[in-house]
Every structure is written in C-alpha cells, then in structure tokens.
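In the form predicted on its own, a lone chain appears below as structure tokens.
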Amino acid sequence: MIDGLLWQAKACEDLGSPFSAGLLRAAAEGRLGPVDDLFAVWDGQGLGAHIRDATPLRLLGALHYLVLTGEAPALAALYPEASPGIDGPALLAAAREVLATQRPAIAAFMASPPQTNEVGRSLCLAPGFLAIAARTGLPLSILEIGASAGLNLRWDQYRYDLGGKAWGDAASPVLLAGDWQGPPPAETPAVTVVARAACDQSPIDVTRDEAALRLEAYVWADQPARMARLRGAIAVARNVPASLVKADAADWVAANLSSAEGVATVLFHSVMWQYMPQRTQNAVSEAIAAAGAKATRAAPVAHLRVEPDPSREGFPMAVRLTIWPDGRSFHLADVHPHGAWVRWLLD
C-alpha cells in the first residue's frame, strides 16, 4: 500500500499536480491517520495491484468528491479551488478529520474503479480520426471500448489547435491546445460522424449530476484547466447523444465491430488496454483482425489507440493507427497522458 501511494505521488508530481502528490505522501507517511483498512482488499497483492487498480487515485477521488459535494466544508475551504495558497498543516488536519469521521463514505467511493475520462486525450485522438477521414474520404462510424462517460466519443464537437492549424467548432465550450511539437497534420478535412457507440464495465451517465461529480472528483484539484475542460465536455455530452452500454469489451467488440459500405468504421480506445486481462486483450485483437480481413476500399476498418508502449524504455504514451483493407500501421505521435503535449511524427 505504502509503495503504491508513493508511486502515485511521484506520478502526480511528474504530471503537474504537487497538491495531489503531497496528500498521497502524507497518507503514505501516516500523517492522515491510519488508512490501511481502506486498502485491505489489496493486501498482499504487491505494488502491481495498486497500480493496476489505481488504489491511490481512489483515495484522492474520495476526498475530492466529499469536497465537491459539500460534505466536507472545512476541507473544501483549504482545497486549491477555494484557497489561493495551501496551508499544509491545516489541510492535513482537515483531511485527517474527514478520514476519521466519514470512513464509510470514503470506503464506498473507493470500492468502485476510477473513472477519469480525460478529455485532453481527444487532442491526441483527433489527428488520428482526421487521418482516417483524409485517407478514406468517407464519414466515420466510431466505436470506443473503456469509454467511461463517452466524452471522447464527442471529439468532433470540440475546438482544436493542431500545431497552428485550427479545427472544429469555434463555439465549442472545449478548446484543446497542448504544446504541439513537430509538423501539424498534413490534412485537416471536414469530418462527419454518422454513428457513435461505446461500452464500459461501469459506464457513467453524465446526464446525472451525481455521476458527473464522480468524474470531476478524479480531476486533480490543483489543475483547474482540466476541470474546466471536463465540465465543458459534460455540457457537450448532454446535447450530443451516443450509445453507451455496460458490457465486457471482448463481447461487445465481437458483436459490434464490422465493416459497412460507405463509411469508415473506427474502433478506438485510450489508456485502458493494460487494465484488461490478457484473455480479453487477445479476444479483442482477434475480433479486430477478423473485421479488418473483411474490410474493403468502400468499407474500411481502422483501429486507433492512445496507449503506453511497453516495447520502449519508460513506456511512453503513443498514438497508433492501423487501417484496412491494406492493414498498414502508423505510429502517429508520442503524447502526454492528459494531452498537455503532442510530439507529432507522421509527415
């Protein structure tokens, strides 16, 4: 447990959230009081289980959820959203009090897996969708696995700065503009999305305020730009319908992924592959290969993903695209996991 808290603290610090890192280190060092019981389900499973199940993020999310819902007003007054400066001792004292008095609520929140649905990843995905549209000249039917609330299913409803090239709805409440390195995409065509559908093991219905707050709770409290982006995307999702169902990825892909005349069918996912068991990964890969084998020029199939690359040192986050009937694969970009920067590689 302690190793997991310290591992996640370093990750938070590396990704620009010193506030989250400080809370997790305090928990690891016992300065928030005892927390062992909250992680009892993972006893003896080692660091890998805490990373896989994101247990430290569950604790962070639980505290932030109580702050956002008004159930922890003393703690809320010391969080970055309300306080321009961090009063470390007072913050830790308030967090200790919440952990001591609201244990059942925190444990209940931590029982469910994290749902982050990072909208910034659309900045990484969008150039891939544009490349598919440019290569095929067809409208897109998009399918997402591990979709959480399906916010990245609405990627075409956002505004982008792609290395100096603007694309998307100028009136969108979501503007995605990270540090773009390398040439901008060669083509930024108009795109029509004719169908959008997704699955998740625990889908979130953001038309429900309680569910939307759960998503917000997983945004690190000292990153207001991410929070504003998420809230804008929730507003978009409430106006742009999409099919989002509770299902196992392997079963859902087998049932839903097929080529269709006159559209480019795209299966996509972002930062979820490593959380699936090997047998599920194998089944999804087999279903993708089967759909690709049936693809034609008039009914192409594509696989777009933003995932860590275990074949490279440090497991950098990579954007990769495979498109059939040719079956050609492209390493489009290396990216920041929250879309803060994109290193575009495809000329």
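Note that the structure is predicted; figures quoted are calculated from it, not measured. The first residue of the shown sequence is 1; numbering continues from there.
Just so you know, the form predicted together with a small molecule exists too; it's not on screen, but the next bit is about it.
- None of 103-111, 89-97, 179-187, 273-281 except one has non-hydrogen atoms within 4.5 angstroms of the small molecule in the predicted complex; the exception is 273-281.
- None of the heavy atoms of residue 168 is located within 4.5 Å of the small molecule in the predicted complex.
- Contact annotation for residue 202: at least one heavy atom lies within 4.5 Å of the small molecule in the predicted complex.
- The small molecule in the predicted complex is approached by residue 247, whose closest heavy atom lies within 4.5 angstroms of it.
- Of the heavy atoms in residue 118, some are within 4.5 Å of the small molecule in the predicted complex.
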